[in-house]
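First, one chain by itself: the form predicted alone, in structure tokens.
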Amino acid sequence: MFELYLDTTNTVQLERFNKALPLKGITTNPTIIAKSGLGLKENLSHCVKILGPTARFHVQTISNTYEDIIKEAEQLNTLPYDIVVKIPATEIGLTAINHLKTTPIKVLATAIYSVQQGFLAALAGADYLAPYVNRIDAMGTNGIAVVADIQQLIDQHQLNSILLPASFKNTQQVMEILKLGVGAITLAPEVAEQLFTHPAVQPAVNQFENDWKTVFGNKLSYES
């Protein structure tokens, strides 16, 4: 089943979008946590109250050596939440992912900028892959094409990794990515908001309301 995540720990935004969207959970990174001003445990405690006990949290490691990444992942796995450990898809990161796949710990390979990075992370056994769509575009490469190629390689080689693209600038990028058949995406709140917005929608709703009131006044449908 497709998984939709919000890329934030902002509880106001989570409450808003969780009411309208079937959120699987949230994705975080060190920048998001640092900007919140709260530690990871406090952030997750607030978020689970909104999203519920079945929510999934993608949490990135801070460590930068193989041994320390493993230790950090093991400690994150002891927290009382459904946690996927995010690890950058560097050589050291892939080494850690390859080891962690001998354990029950779920892993997401993050900071993916190229097709080969994504493919190697899938081969290493990452449960999720997070290519950065708009950041790839900003570097002069086609982010959507990179995701398409990774998805094709996963399908051709029958690998089990789920693509979870991140870094979207607008809804056009989101829709083009969804057409590729990815298993998940994560959206910043401002991009999620764009999904609800179209200049023709509110005028149409207003017209319906005006036409109804012209004939029926303030009666509701079932009262007419």
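What you see is a predicted model; the values in this text were computed from it and never measured. Residue numbers run from 1 along the displayed sequence.
Although not depicted, the form predicted together with erythose-4-phosphate (E4P) is the subject of the following passage.
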| property | result |
| --- | --- |
| Segment that reaches erythose-4-phosphate (E4P) in the predicted complex - one of 161-169, 175-183, 193-201, 47-55, heavy atoms within 4.5 Å | 161-169 |
| N29: touches erythose-4-phosphate (E4P) in the predicted complex, heavy atom cutoff 4.5 angstroms | yes |
| Contact of K71 with erythose-4-phosphate (E4P) in the predicted complex (heavy atom, 4.5 Å) | no |
| Non-hydrogen atom contact A89 with erythose-4-phosphate (E4P) in the predicted complex at 4.5 angstroms | no |
| Partner contact for R135 in the predicted complex: erythose-4-phosphate (E4P), 4.5 angstroms, heavy atom | yes |
| Contact residue in the predicted complex, chosen from I150, I97, A130, V85 - any heavy atom within 4.5 Å of erythose-4-phosphate (E4P) | A130 |
| Partner contacts in the predicted complex for 99-129 (non-hydrogen atom within 4.5 angstroms of erythose-4-phosphate (E4P)) | T110 |
